[in-house]
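Two forms, one protein chain; structure tokens for each follow separately as structure 1 and structure 2.
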Structure 1
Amino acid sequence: MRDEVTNEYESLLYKFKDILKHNNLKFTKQREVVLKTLFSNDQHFSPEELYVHIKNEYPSLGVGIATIYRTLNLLEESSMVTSLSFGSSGKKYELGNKPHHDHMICDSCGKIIEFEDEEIEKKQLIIADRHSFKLTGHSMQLYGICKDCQKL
């Protein structure tokens, strides 16, 4: 890993340990591996995918699917990961350390492309305000056919 990447992971890890400590929770190999996997693979994982990935990558750990679910729930409660739910494909998780962004999902290959847009964010605030709605968050998904799939 390049130094800056190492540092990014280190600081994430530090934050995680801190959360654990403050809640009298323990730092375990399993929890570490879930965090590391989400960090190292810049993808969106379903619990099942994460489970399979970790089983292959760390066979000797003998991780159980229940631990994956428990860890993801823990990470989500502490806002270290975010979950997205589209259509029928179920929930997917991503690390929550990036700046806010939304997702474009390819109907054909399922690829997820991230993007941000300041202008839409501003407009959302205005709309919420108009309905006297106190905004706490949002999610936006664009569906369509990605560049690669259009060629097929």
Structure 2
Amino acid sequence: MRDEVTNEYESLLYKFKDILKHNNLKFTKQREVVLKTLFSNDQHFSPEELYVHIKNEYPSLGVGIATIYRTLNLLEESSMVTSLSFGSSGKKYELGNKPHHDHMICDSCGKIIEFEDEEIEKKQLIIADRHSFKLTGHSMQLYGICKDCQKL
């Protein structure tokens, strides 16, 4: 299992280096740590949360918030990461190599719960077909109050 994870990361890293080269950008430890942190964590990070996490994990690295933003933008443009928009509150990012899933977002605490539902996927195809619409992808975000916040 560890070899699979290592191979998956090495594959992502190779793709990332290729994207940097294509954009005439240098491969740096700071940029690699952004990718590595997203790969190693299941949570969804805002740029600021990612910055704080990296500063705590790698205090001597000297990564700047501008590097975080630029790297996230580059990764998103190349479809290596995806983002969830929170309007004026900004975006949260996750690695884009996960199987398709949707999100439930708590309006109270901001917790993000990932889920998959085959019935919803089938229903979307039926609806698209009914409207002669060729579905090429989708993003579903459900908003409400998580069970922890309902207890408060």
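The first residue in the sequence of structure 1 is number 1, and each one after it adds one. We call the rigid core whatever largest set of C-alpha positions still superposes within 1.5 Å between the two forms. All values derive from a computational prediction rather than experimental measurement.
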Of the two forms shown alone, the one predicted on its own: 2
Pick from E48, L61, T37, N97: which one is at the hinge where the rigid parts meet as they turn between the two structures? N97
Rounded to the nearest whole degree, how much does the smaller rigid part turn between the two structures? 17
Provide the displacement, in Å, of the CA of I120 between the two structures, taking the core as the superposition reference. 3.8
Fitting the two forms on their rigid core, what distance in Å separates the Cα positions of F133 between the two structures? 6.1
